[in-house]
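Below sits a lone chain in structure tokens, taken as the form predicted on its own.
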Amino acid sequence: MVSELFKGLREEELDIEPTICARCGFCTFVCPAYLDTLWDSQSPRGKLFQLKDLITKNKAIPADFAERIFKCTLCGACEEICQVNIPLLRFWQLARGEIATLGEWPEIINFIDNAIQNSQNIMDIDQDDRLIWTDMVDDLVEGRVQKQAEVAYFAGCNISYKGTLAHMGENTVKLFSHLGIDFTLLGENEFCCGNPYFVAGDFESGTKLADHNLSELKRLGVKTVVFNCPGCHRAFSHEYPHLLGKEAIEGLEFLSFSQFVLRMIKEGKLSFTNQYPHVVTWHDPCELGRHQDIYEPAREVLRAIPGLELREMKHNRNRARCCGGGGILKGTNPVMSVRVSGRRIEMAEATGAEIMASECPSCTMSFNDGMEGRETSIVFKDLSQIVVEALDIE
């Protein structure tokens, strides 16, 4: 019989992973939380060592240790560099699930849980306002809400409800219109993708959201879903089939914004003719890069823009450093989050680029927060901004 303690880890046979850890320490020097505190107890190696003792003795995770497990961006850098191939991302998710069963979730996650249960979004705002982000492009979305179409745009909670991120959705709709794409929006039937639950280790609560969103897309005859948010994209691409089976996503493909733009370029439907004389450095979002191995589409799009010079940061692709916004760290420890983003901004500044770019709402928020009050000549732009500016779309 499976013990109720560490049940998730035991069921997936991951409870032995702490005993596999070689204690080499490579993970410590890529971990944002360790680099912020320089405490080995905050490093992946340190936490594995402590969990080994708790699992072996079948003892519950104490509150102070639970707090340390949530001081983590789930960036996946530790798994990427692990010398003994421990699936650390999944391990940390299940460890957080253990914390949930003990009633030790951070308060911000309890708030998000209640918000989703009440209103199907992380802000606890009425679903009738789900399309508030379209106010500046209402003429382009008229008649497209819950319309039968093969292409759908899934905005996600952050873009839908945070005004400072609305431009990402607006730019995507502008691009669709520019290309003559027939598309649909789920509107108030778009529920949270469930990613907040997945990063908190509560897979069961995310299942109903997954089932609803997939059912709505299929009802509208959708075949391709485009996302600005890597968290939403990862939820659909990886978590949904894990929860519901691969057959649940048959007939659907999920594209990040960069993947969609690159497809349009390769199919000859989109070309850049205007000069865009700027030096850009690219930041790989963790949930798009290390989590899904999607690195090149954005770079290919940027290289297709005349006049644009792309300069890589020292740490890029699978070695990219985190923005500090993942794993709900911005909610559980906003001060640490800003310090983490500040270190990544320094790496961008070192390239001499004018623009630091990415394609992620969390990265956008993190870097804008990190740049606030900072004397810097670099500015942050989402990829959708660069694409629309380069095409000179109003």
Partner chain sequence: MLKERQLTELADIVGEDYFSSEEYMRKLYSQDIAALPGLVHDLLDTSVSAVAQPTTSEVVANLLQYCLKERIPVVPRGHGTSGYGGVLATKGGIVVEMTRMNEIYNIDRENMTVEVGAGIIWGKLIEELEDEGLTVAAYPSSAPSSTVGGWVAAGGTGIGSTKYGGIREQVVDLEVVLPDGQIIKTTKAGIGLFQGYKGLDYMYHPGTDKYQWGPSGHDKPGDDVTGLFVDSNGTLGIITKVKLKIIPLRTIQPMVASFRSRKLMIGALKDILEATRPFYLHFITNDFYRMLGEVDKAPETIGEWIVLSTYEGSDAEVAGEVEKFHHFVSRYGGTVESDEIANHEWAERFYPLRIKRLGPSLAPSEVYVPLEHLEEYLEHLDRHFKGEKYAVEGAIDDLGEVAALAWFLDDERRKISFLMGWYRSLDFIKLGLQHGGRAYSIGMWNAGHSLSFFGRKNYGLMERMKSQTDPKNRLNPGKVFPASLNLSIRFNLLILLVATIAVPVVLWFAGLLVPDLIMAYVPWLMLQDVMSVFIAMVIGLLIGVVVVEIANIVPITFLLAIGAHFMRLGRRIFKGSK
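Since we're looking at a predicted model, the values are computed, not measured. Numbering follows the first chain given and starts at 1.
The form predicted together with its partner chain exists for this protein as well; it is not shown, and the discussion that follows is about that form.
In plain terms, the part of the chain that comes close to its partner chain in the model of the complex, with a heavy atom within 4.5 Å, is 315-323 out of 315-323, 98-106, 183-191, 282-290. The candidate spot formed by 20, 26 and 82 is fully in contact with its partner chain in the model of the complex: every one of the three has a heavy atom within 4.5 Å. Its partner chain is not shown here, and in the model of the complex it never comes within 4.5 Å of any heavy atom of residue 332. Within 4.5 Å of some heavy atom of its partner chain in the model of the complex lies at least one heavy atom of residue 41. Shown alone here, residue 46 lies within 4.5 Å of its partner chain in the model of the complex, counting heavy atoms only. Remark: residue 245 does not count among the residues lining its partner chain in the model of the complex, judged by a heavy atom distance of 4.5 Å or less.
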